[in-house]
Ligand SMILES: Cc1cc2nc3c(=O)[nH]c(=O)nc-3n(C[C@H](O)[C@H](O)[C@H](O)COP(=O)(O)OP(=O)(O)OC[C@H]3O[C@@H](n4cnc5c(N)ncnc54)[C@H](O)[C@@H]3O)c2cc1C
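The chain below stands alone and is given in structure tokens; this is the form predicted on its own.
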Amino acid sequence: MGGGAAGIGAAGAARQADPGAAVTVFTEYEDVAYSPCGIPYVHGKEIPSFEALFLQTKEAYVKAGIDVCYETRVSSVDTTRREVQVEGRGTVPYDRLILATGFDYADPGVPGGDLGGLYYVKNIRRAMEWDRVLDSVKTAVVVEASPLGLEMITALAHRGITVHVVDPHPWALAELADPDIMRPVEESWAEMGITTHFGTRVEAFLGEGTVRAVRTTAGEIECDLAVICTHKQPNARLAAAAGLALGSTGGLVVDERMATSAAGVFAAGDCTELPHGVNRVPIACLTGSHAYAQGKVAGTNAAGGSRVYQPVYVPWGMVAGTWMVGGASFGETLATALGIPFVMGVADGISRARYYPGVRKVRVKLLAEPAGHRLIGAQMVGGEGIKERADFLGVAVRTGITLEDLATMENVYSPPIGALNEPISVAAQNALASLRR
């Protein structure tokens, strides 16, 4: 159930594990196998068309022996009888069921939520329709500087639209990133003409039929469009109604095989929660790469194979304004909020040799356990190389690499692609130096 990255990954893995298995995918949407993460970049004109976001044709799934049922809604699940109720089809039995029902945006919960002109970025067909609307939009409000919010803020600005950002937190991406990491991003937004309203809550969407303004705790903002980028929440309604165990995030509880609390039922993607590898706290609604990998595990096991999924360490990164930000596991703000003790090192370096054209500043922050100095998190802002550093640091947290390891690491030096001193190593050296004082 579900045609996103987790559902399609599961379907393909099930066929690989058992080529004779009959695999059916139910999706409420018109398409599967496209990249919703690419939608903001089509809106921003970095990608010329939505067609580029499709990864496979519908015929490819027919050839692969996967029966995809488009625009088909499953209304209930009976795990005792091993059957689902499908609107328009009646009862459909199963041997194994994989739930990949995705996420919902948190309801802003304010008056005017039913007005036209409120855009929830999710379905590519609706995005195509909204893209035509954007041609006539002069002013837009982005509600919350979440990961999607950061992408849409930049995309709308690239489109020439006047953008206001309303967020109740004190800085952008505040639940994930530290303020000093996001400061260059916010400064670049100001240079792009974007107006930020942090520490500000939405009180209502105003208009008759369609939105004309957003009322906030700091006053009204006239607009033609509001893009809702609130928290992602696990969509586990059918699972809950079927009596499956949910965790503290509202996501489905699964084991390392992505098996749920019901026999023969697996789950993957944003509807599940997974333990963080450092502190075992459950987290949900990660990235598309997490969802796809979980789907592969769930599909393999559902079809009789054997595969396990590891706790997560959450390397992340994105373009925001004129910068790239990223990290792995915990930042200073999140670790402090969770009461996790740490020591920290910070380094301000450069992405290339200082004399090479295009060189950018890079800030790296490393967090480590006070005893043993094992890495527990990192945050970065810069340009090229942020993604690769985040991937590396995610593995470093996972494998128990210490500040001492990083302080003495070898690094690539080549003027066009790397500076003499790697900022990760310098941050580790600074952390150790501070401990010796």
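For every residue, the number given is its place in the sequence shown, counted from 1. It should be emphasised that the depicted structure is a prediction, and the values quoted were computed from it without experimental measurement.
Only in words, not in the display: the form predicted together with this ligand, which the text now covers.
Partner contacts here mean any heavy atom within 4.5 Å of this ligand in the predicted bound form, and among 196-204, 213-221, 263-271, 133-141 they occur only in 263-271.
With the partner omitted here, the residue from N279, S248, T91, S289 that has a non-hydrogen atom within 4.5 angstroms of this ligand in the predicted bound form is S289. Note on contacts: among T154, N301, S329, T101, the single residue with a heavy atom within 4.5 Å of this ligand in the predicted bound form is T101.
Of the heavy atoms in Y105, some are within 4.5 Å of this ligand in the predicted bound form.
G394 falls outside the set of residues with a heavy atom inside 4.5 Å of this ligand in the predicted bound form.
Contact check for E369: every heavy atom lies farther than 4.5 Å from this ligand in the predicted bound form. Within this chain, L148 lines the site of this ligand in the predicted bound form, having a heavy atom no more than 4.5 Å away. Residues of 3-18 lying near this ligand in the predicted bound form, listed in sequence order, are G3, G4, A5, A6, G7, the criterion being any heavy atom within 4.5 Å.
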